[in-house]
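As a starting point, one isolated chain is supplied in structure tokens, in the form predicted on its own.
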């Protein structure tokens, strides 16, 4: 093909070794163009450079051997199977090459008898020495160089019907004929500052490495580029958001010196509510004073710092997009309450959306307790309400009589509107899809500020990847005096002693959770089921105690009754599935028993443990599990060793990988072609800083030297934003 027609968009069928025969298999693997092949990176490498004497080969080694093909035979076995066996010989000894049910190798090797053959594979012990099963090999003719085979060889990801040799040939041909068409998207100043190689050199070394050191150098540059494209897209997204016009909350005016507090008067009619609040901004009690009076505890230094970060965003004329991250029990709800109080004092409504009715009702009860003494009205909107209740709550939010609306996805249903919604708070935001969050934001006045909260600790590398378009606030300090939950891992054989310990705690006045991974018994999973466990505890273990059952398949009324009974201490034990994982708060519950704990992920176990330890008494978390794998045992060990949710999240990332962790976001997945968030975390941080500096210098990548990078980001941005977008 003439050079002028060699574009990276050329079809793979025109590459050597592909043709019409393998074009469909290549397409199935996502390799439709030359560009796809160049960026189809090996998953590992085989080092075939060392060729030992055959006599020195030992079983268990991956080896490259070279010798004369002295014999070849095909022997039929039972049921039509054929074993092909060839013998390689050098001056030191012999080794057999063996193929099972692949008779075509005999026909090919019969022609090579007496010639030199070089082969690679795993050596195994055989009757008369060693043999290599299903090796890769080449027949060396006169003048052929063994180095063409004995090199560092790439091993590519494949699909059914696509041979490894086909992809290797295609990659070699793409490097040989199309590399000149590759345009480096990184400007020269970034390459110099980061000491990175040119892209063409890197692609050659990735597919045809000369040494491990050069291959790793090439990989480093490709990892950086992959991270940089993502981080530039996120930085541009942040810049666009900050350029939008949003609500400007005059919070500084609320922090003035105290003025005489007015006597409480009858509430004004809804139509005049916000006008009156705005008129009294300067006369009202200073915001911090009101917060100290509102909350029954002192805020930690971390909470105060985060509140001030949020207020600064709210006072900005641009919409807030902030992620509030804090461990279980760190006080995120109190921080959100301070933000919502500021919004109401500035004359705007707030909305808090939670993923479950139980959590929404709990938020409603807790916020009503602290807000109603201040004259702030709260409406609750959840799916189980009667039409009359929903209509009444919706009317209060629409008129402005309700300053704050708390609910589930019922908040975004048709017919629910707001008089002046200025602040949107999303709790446990990873449980909502992008469209659900956007639907609530669209009910606001202009561009309302958005605060998303999560009690699921997220590793820093994953945060920069998934939420890099958000400003981040982290509550990294726990309230004083809170006792760590003592965690113990027990085997199923120790269950009896666990039950005795739980009884002692209940007799001392405490309450207990028992959590199971399923609602009812399954033939596919021999796991403890909530319904069966509740029955057994009632009938056999604790017939004298009050035991309730809670799981997601119960009607809403029964779930509410079970939770309320447990809160009022009308139940001693609550048997539940993971429906209690998020937000359920009963201070008197001091022991959590997790059945089949080996079936839970680390973050989920940490969330469950966070349901206890909320009162003044020492609390315990007992993990009963039969850890039969190293990963399962590692999860239990880390839970026993640390209470730090961020350390647990890092370990979870290491054990499970980013894709599985990110999958819970409901909006995409994190997939990199070469980068690894665990291995390359420091490089991600570097790429983020470079991206921030780049967008500061050239917000629209308009400079000539940034054109190629802008094109690359533009091409990939839709798929990137599908993963990271939260608005």
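Numbering follows the first chain given and starts at 1. Not measured: the values here are computed from a predicted model.
One more form of this protein, predicted in complex with a small molecule, exists but is not displayed; see below.
Proximity of residue 153 to the small molecule in the predicted bound form: non-hydrogen atoms within 4.5 Å are absent; the residue sits far from the partner. Proximity of residue 409 to the small molecule in the predicted bound form: non-hydrogen atoms within 4.5 Å are absent; the residue sits far from the partner. Looking at residue 331, you'd find a heavy atom of it within 4.5 angstroms of the small molecule in the predicted bound form. Heavy atoms of residue 503 never reach within 4.5 Å of the small molecule in the predicted bound form, leaving it off the interface.
Of the candidate stretches 492-500, 397-405, 529-537, 322-330, only 322-330 has residues with heavy atoms within 4.5 Å of the small molecule in the predicted bound form. In summary, among the residues 601, 93, 129, 479, the only one with a non-hydrogen atom within 4.5 Å of the small molecule in the predicted bound form is 479.
Residue 297 is the only one of 104, 100, 189, 297 with a heavy atom lying within 4.5 Å of the small molecule in the predicted bound form.
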